[in-house]
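We begin with a single chain expressed as structure tokens, specifically the form predicted on its own.
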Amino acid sequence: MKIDPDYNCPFNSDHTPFGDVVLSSRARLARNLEGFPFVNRSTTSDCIEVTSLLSQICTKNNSNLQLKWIEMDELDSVTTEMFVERHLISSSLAHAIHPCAIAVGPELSRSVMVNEEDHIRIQSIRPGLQLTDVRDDVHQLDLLVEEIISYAFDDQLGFLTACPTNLGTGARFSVMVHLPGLRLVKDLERVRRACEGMSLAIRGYRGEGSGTMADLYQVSNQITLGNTEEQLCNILSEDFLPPVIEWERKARMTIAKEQSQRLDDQTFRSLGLLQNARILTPEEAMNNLGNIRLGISLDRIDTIEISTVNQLLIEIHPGHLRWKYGKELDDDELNTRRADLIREKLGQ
């Protein structure tokens, strides 16, 4: 499979609605095959049979849903790491020792993970606020899979899943949001309260258990039982995001008006560091890119496109750097190459 990591960067949202606040949208469906034990109770032969059955989705004659089938043990370590960084696969699938696979679209935004926590994890990720589009993506893939196999389903509980929190629709919708304004005006607690009131989870950049980098947060539904997929999607897109986007934009304008010197110092200090640094850790690079992104959104910087920063937020991670510069890079070399790439992209 020919892979171009620059194609369809999941954060490249400069031309999508609300891309100043929402970096990406993702939908995921958890499904299991009828008549097979869950993955954590499966034998090796069970897992092999599941992958064999599901490989047929890549041979279906459907021009709109072309997928490439890849056995995980055939995927090299760098591409695997890059797929994790792009959220095409989970870290669990990347490190699984039982037979597992992935079906991935050529645009690197849709994927079907096979034998992860559940037999099937169907997902789609797009830049900016495109929750309806990613919901449609996974629905089409869901129908394609169901043409081949029967799902484990209960009339009362809905789709049966390995983890009880996924029962019902088995659907998770999430967005990656950039909230530097609310952090600077010390109003992030309002977002957390809104999440609690709508049964949403707010997590750090890398998901559950991770800390915050670059003021990026993942927000997703916590419940899957008792609501339709459309209702779960609408909780995020119609109930949660409109006020949060408004709060963040107002906070940014407040900072620009009342703390302009602090804003400019933060913006240009970060820009100067990234344009001149020779060694950068991932955390340092991410946090300073987040500061620059805020400066661009408030017209403090007009020589750098926000799409350039969005792209760098993905490209500076180890898998992407190893893909670009060579597979045998240790941590020190990665830190050097990261700085080289950022200076190149930021025009210094």
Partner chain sequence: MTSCDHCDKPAIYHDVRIANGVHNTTHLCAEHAMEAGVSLGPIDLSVVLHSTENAISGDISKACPDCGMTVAQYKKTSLLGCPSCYQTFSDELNSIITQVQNNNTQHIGRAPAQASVDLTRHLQIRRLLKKLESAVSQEEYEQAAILRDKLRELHTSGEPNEN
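Since we're looking at a predicted model, the values are computed, not measured. Numbering follows the first chain given and starts at 1.
A second form of this protein, the form predicted together with the partner chain, is not displayed here; the remarks below concern that form.
Visitor: Looking at E107, E258, E147, D76, which is the one with a non-hydrogen atom within 4.5 Å of the partner chain in the model of the complex?
Guide: For this set of options, the contacting one is E147.
Visitor: Taking 4.5 Å between heavy atoms as the contact cutoff, choose which of F159, F173, F83, Y217 touches the partner chain in the model of the complex.
Guide: Checked against the cut-off, the match is F159.
Visitor: At 4.5 angstroms, heavy atoms only, are R41, E196 and N227 all close to the partner chain in the model of the complex?
Guide: Checking in the model of the complex: R41, E196 and N227 are all within 4.5 Å of the partner chain.
Visitor: The chain here is shown without the partner chain. Which stretch in 259 to 267, 92 to 100, 127 to 135, 228 to 236 comes within 4.5 angstroms of it in the model of the complex, by heavy atom distance?
Guide: One stretch meets the cut-off, namely 228 to 236.
Visitor: Would W323 show up as a contact with the partner chain in the model of the complex if we use heavy atoms at 4.5 Å?
Guide: No.
Visitor: I'd like to know if A277 sits close to the partner chain in the model of the complex, meaning any non-hydrogen atom pair within 4.5 angstroms.
Guide: Taking the distances in the model of the complex, the answer for A277 is no, it never comes within 4.5 Å of the partner chain.
Visitor: Does any part of Y151 reach within 4.5 Å of the partner chain in the model of the complex? Heavy atoms only, please.
Guide: The answer is yes: Y151 has a heavy atom within 4.5 Å of the partner chain.
Visitor: Residue-level question: is H317 within 4.5 Å of the partner chain in the model of the complex, judged on heavy atoms?
Guide: The answer is no: H317 has no heavy atom within 4.5 Å of the partner chain.
Visitor: Within 4.5 Å of the partner chain in the model of the complex, which residues of 245 to 262 have a heavy atom? Give them in sequence order, or say none.
Guide: The stretch 245 to 262, when checked against the partner chain in the model of the complex, contributes only W247 at the 4.5 Å heavy-atom cut-off.
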